[in-house]
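The chain below stands alone, shown as structure tokens; this is the form predicted on its own.
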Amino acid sequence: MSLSFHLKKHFRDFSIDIAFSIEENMAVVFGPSGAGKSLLLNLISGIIKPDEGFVRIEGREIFNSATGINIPIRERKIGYLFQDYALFPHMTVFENIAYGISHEPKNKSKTKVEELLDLMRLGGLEHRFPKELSGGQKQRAALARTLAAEPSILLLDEPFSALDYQVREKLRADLLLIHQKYPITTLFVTHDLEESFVMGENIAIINNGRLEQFGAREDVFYKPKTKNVARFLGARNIFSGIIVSLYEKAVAIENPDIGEIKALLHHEEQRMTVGEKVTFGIRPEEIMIIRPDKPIDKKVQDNLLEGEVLTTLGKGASHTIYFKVRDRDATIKIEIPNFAYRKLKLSKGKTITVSLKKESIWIIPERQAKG
């Protein structure tokens, strides 16, 4: 099912104006706290009535302010999973799941509930009450109840935020598998960067009630269109510069804190001109530390910077390195796997050479960088 909408809502100190469309996949709505993520889901579902706009599911309008269409919530066939599970405390797991399909024949209802119990790894827990379940079990039961009603659209409002990391990780994997079996068009709200990358085929970045960028996961993460998007998605190495030369599909940018940097132009960036001011950057994990005992590969021979390690920080499976460019003011953040950190024998004060891979550098013209 396709979902398309353009919704506006004005409050005393906040307004939202967002439009985009998704097909039968899972799209993540990502942004900082207070950006309007949960409000957007409430407007789509009908919990809050928009001031203006429309909502269409597979071309069928369920809301249109211009024509007066406003289908009641219960008739919209939209499943909505909240942070707090919203299970009925006086009902067992089985009864909670069956609640939304009580109008169906008993045999059909029982078969569907049993199928969902198995899918959600809730077998043996069907007679328990919510207070007897763990957080992860409650969330799986709530998701099963939502899916039992066979919604056309699924809205998930930070469904795993109250759970610890290991449980969240397992539930993410569960949800992706469930989505393969029940390929429902899904909007998944999160403010967790890792979760947005794991869960979203498409990602919508919203900020202050506006859409900053929407597109395929890799395009949004590796080709941010505004400084805000770059910051929200962890691209900490953000610089300003001036284009000093253009040649075929590449560009050279001058920055006083780094020097001259070469970058490959993507199709949408090829209208840039010499003398134009731009913002550019590179994600920390895209920076390569050059091994001194091996010849430099042609792919990384541009944008070589020498300097020293200011500090290192272990982060489980990876290390964060803060690198100071020699004779310059720039400090660059680098992320590398632990095995590479050990192999390179990195430590505070060590002199190293790094490469800012030119194909990994993204460029934002000044005319859109403020967005």
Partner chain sequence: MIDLFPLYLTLKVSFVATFFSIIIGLCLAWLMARKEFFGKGILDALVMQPIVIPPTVLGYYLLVLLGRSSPFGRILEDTLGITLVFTWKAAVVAAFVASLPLFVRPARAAIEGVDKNLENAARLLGKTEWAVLKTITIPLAWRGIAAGSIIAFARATGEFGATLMVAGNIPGMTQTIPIAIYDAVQMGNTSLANILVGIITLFSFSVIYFVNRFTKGRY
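Residue numbers count along the first chain shown, from 1. These figures come from a predicted structure and were not determined experimentally.
Here the subject shifts to the form predicted together with its partner chain, a form of this protein not shown in this document.
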Inset, instruction - Choose one stretch from 276-284, 176-184, 76-84, 215-223: the one whose residues place a heavy atom within 4.5 angstroms of its partner chain in the predicted bound form. - result: 76-84
Legend entry - its partner chain contact at R140 in the predicted bound form, heavy atom, 4.5 Å: no
Inset, instruction - Give a yes/no on whether N303 approaches its partner chain to within 4.5 Å in the predicted bound form, heavy atoms considered. - result: no
Inset, instruction - Verify the contact flag for S102: yes if a non-hydrogen atom of it lies within 4.5 Å of a non-hydrogen atom of its partner chain in the predicted bound form, no if not. - result: yes
Legend entry - in the predicted bound form, A149 touching its partner chain (heavy atom, 4.5 Å): yes
Legend entry - Residue among K108, K131, R271, K299 with a heavy atom within 4.5 Å of its partner chain in the predicted bound form: K131
Legend entry - Interface residue in the predicted bound form among P295, G124, P89, P256, criterion: non-hydrogen atom within 4.5 angstroms of its partner chain: P89
Legend entry - Stretch 36-62: residues contacting its partner chain in the predicted bound form, 4.5 Å heavy atom cut-off: S45, I47
